[in-house]
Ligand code: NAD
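Only one chain comes next, encoded as structure tokens, the form predicted on its own.
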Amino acid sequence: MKTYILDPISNEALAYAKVHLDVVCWDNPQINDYAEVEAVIVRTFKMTPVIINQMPKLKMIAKHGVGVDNIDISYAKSKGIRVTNTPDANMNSVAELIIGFAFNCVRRMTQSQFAVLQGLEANSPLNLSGYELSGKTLGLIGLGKIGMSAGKKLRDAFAMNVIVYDPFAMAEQCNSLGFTKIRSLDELCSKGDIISISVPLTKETKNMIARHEISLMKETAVLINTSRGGIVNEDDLYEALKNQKLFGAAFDVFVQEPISKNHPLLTCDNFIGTPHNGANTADALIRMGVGAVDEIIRLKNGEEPLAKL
């Protein structure tokens, strides 16, 4: 099956694809000739109606990753094109980044590094004092696989009390995990010491964390977003961090990506920003790449997909 890989993938996944498919890679001059392509693998490449219309033989779009906001799914489906993703492949990597963000913020690790580089006159300065995670409350906004994984790890390792706001999660499911379902977003914001966002960007979730919600958070709270930019109002977050209304925040996603070095949030020493790096581990990249290839192989063999959207 003629397959175009429109973004770079891991060497291991590429080698696997070449064994099973007729592959044209992102750096091949043929990559802009869409006439014969039957399947594509994309990471960030935008599959718009204009692009899809240039692919008359396209049968499948395989997303290398979870989020599919770079794919016009409804239009693809209207053309009879199968769309898949790899929902489990990056779960552990993103969950571990959430934990790393939590540690970094509560112990002011990045701030301490900058202070060392600038020269310190004494050890253990009080302005770099942090606090422990053990026994604190983790608030999960969204109980998807990533939120669930991060919650279980932090619960088991640090005896954190885990509370959840997710209208679609059943209380019984939360209870079985040792988590507590919270009725309202306001309640979660007021109770969480670490608040982690793991929801997709939709009309309902855009700006779901803004001035009001931030005002309810403890001044010792840390806000983490590894899901999508736009869920948190960046202007409102900047005002809160600048005025020390939050202990810290750590984001891997932004409204405009890649984030500009001149973004106001980056002027806050209690803010950590990374370049949408949550799934960027060797382990996850292999799993996502191989998973995307496997979905095309299933189509080639007349089999049902594992993760059809």
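If you're wondering where the values come from, they're calculated on a predicted model, not measured in any experiment. Residue numbers here begin at 1 and follow the sequence given.
Heads up, the form predicted in complex with nicotinamide-adenine-dinucleotide isn't pictured, but that's what we're talking about next.
For Lys145, a non-hydrogen atom is located within 4.5 Å of nicotinamide-adenine-dinucleotide in the predicted complex, even though that partner is not displayed. Although the partner is absent here, Thr205 sits close enough that one of its heavy atoms falls within 4.5 Å of nicotinamide-adenine-dinucleotide in the predicted complex. Although the partner is absent from this view, Arg228 contacts nicotinamide-adenine-dinucleotide in the predicted complex, with a non-hydrogen atom inside 4.5 angstroms.
When nicotinamide-adenine-dinucleotide is considered in the predicted complex, Ala279 lines it closely, a heavy atom lying within 4.5 Å.
This chain is displayed without nicotinamide-adenine-dinucleotide, yet in the predicted complex the stretch 167-175 from 153-161, 234-242, 104-112, 167-175 comes within 4.5 Å of it by heavy atoms. In summary, among the residues Gly273, Pro49, Pro264, Gly67, the only one with a non-hydrogen atom within 4.5 Å of nicotinamide-adenine-dinucleotide in the predicted complex is Gly67. Between nicotinamide-adenine-dinucleotide and the residues Val83, Val199, Met217, Leu133, the one pair within 4.5 Å by heavy atoms in the predicted complex involves Val199. Contact with nicotinamide-adenine-dinucleotide in the predicted complex holds for all three of Asn90, Val94 and Asp252, each having a heavy atom within 4.5 Å.
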